[in-house]
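This document starts with one chain, in the form predicted alone, laid out as structure tokens.
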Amino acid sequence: MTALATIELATTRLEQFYRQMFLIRAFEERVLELFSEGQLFGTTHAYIGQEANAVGVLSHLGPEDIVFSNHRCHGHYLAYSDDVEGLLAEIMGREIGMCGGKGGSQHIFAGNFYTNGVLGGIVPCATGIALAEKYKASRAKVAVFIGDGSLGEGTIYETFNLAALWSIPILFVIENNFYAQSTPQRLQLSGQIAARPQAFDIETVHCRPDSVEEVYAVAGDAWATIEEQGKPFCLVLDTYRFCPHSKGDDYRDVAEIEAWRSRDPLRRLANQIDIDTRLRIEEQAHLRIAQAVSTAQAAAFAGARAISW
């Protein structure tokens, strides 16, 4: 490959990263607006500020690969599927949602993507599926995303033990945003996060990436190691959500939030994109989301289905 071709490939990749990350950011901002307008049901947990994690890790995957997410799942789903329309309709409780409007914001099943709001409960499920894929010799990649607040759940450590003992090829991604809902990490987590999977002999990389390119690189190394060794791997990604835990329960120091905003990976990536290209990407994202809202609003609400025994 020539130097020019390499540059063009890198530029194209950065533009794609920006397209995905901006779409997630704009989607989440619109979802929070819709919630305040009373157009959503239940609760919702936005991914604003953490977009580089989902895009960097999941850009290595295809539709045959398997992803387990948690209550903060929108960014993971969009990075994996690009299904703005299905997700928005689902969150709005409409029949055209990918789960018929019954799963809502936290409980999604679409293709090889799964989420659940039970803290930590997804980890043994994902690892069991990874073991099944190993026995099938399918070579499908399996990833599971958890937050640092999940690390108080004992089932995670039971799963770490079996994953290491049975050499289960799975990527554990711990998104460390330093808060368990509204409790700061210093008040609820002892020791070092990376030491926990390492205690089970799981190779672990802990980093604080400032860009999606960094996440993409470390995730690429992780996937390569899993493929080569056939064992579990853990990525600990220090990150930060700029939005509240769910809708408005935010007790964090404003200065702390602003300090992290200065390192916003989306803002950093925007500075690397040609201005005309960037504005076009942003306009397309806003238009697509607006059209998805209109389509969902025109659709029927999810109704009760008759059950045949």
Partner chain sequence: MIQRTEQRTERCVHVLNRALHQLFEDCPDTYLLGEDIIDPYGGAFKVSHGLSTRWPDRVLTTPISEAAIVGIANGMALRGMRPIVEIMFGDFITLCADQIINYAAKFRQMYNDQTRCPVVIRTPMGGRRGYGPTHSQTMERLFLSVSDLTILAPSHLHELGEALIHVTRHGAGPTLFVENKVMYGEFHAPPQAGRAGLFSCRHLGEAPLDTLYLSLTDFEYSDATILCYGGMAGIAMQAAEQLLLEHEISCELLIPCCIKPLPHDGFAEALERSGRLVVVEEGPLTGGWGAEVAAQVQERYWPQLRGPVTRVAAKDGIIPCARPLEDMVLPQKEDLMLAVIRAVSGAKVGQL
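Keep in mind the model is a prediction, meaning the values are calculated, not measured. Numbering follows the first chain given and starts at 1.
Keep in mind the form predicted together with the partner chain is missing from the figure; the text below concerns it.
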message: Only one of 115-123, 170-178, 218-226, 204-212 has heavy atoms within 4.5 Å of the partner chain in the predicted bound form; I'd like to know which.
response: 115-123
statement: As a check of understanding, the residue in T43, Q284, Q272, T277 with any heavy atom within 4.5 Å of the partner chain in the predicted bound form should be identified as T43
query: At the 4.5 Å heavy atom threshold, is E158 in contact with the partner chain in the predicted bound form?
result: yes
- request: Check whether R139 has any heavy atom within 4.5 Å of a heavy atom of the partner chain in the predicted bound form, and answer yes or no.
  value: no
query: Can any non-hydrogen atom of E133 be found within 4.5 angstroms of the partner chain in the predicted bound form?
result: yes
field: F68, heavy atom within 4.5 angstroms of the partner chain in the predicted bound form
entry: yes
field: Neighbours of the partner chain in the predicted bound form among 86-101 [non-hydrogen atom within 4.5 angstroms]
entry: G93, M98, C99, G100, G101
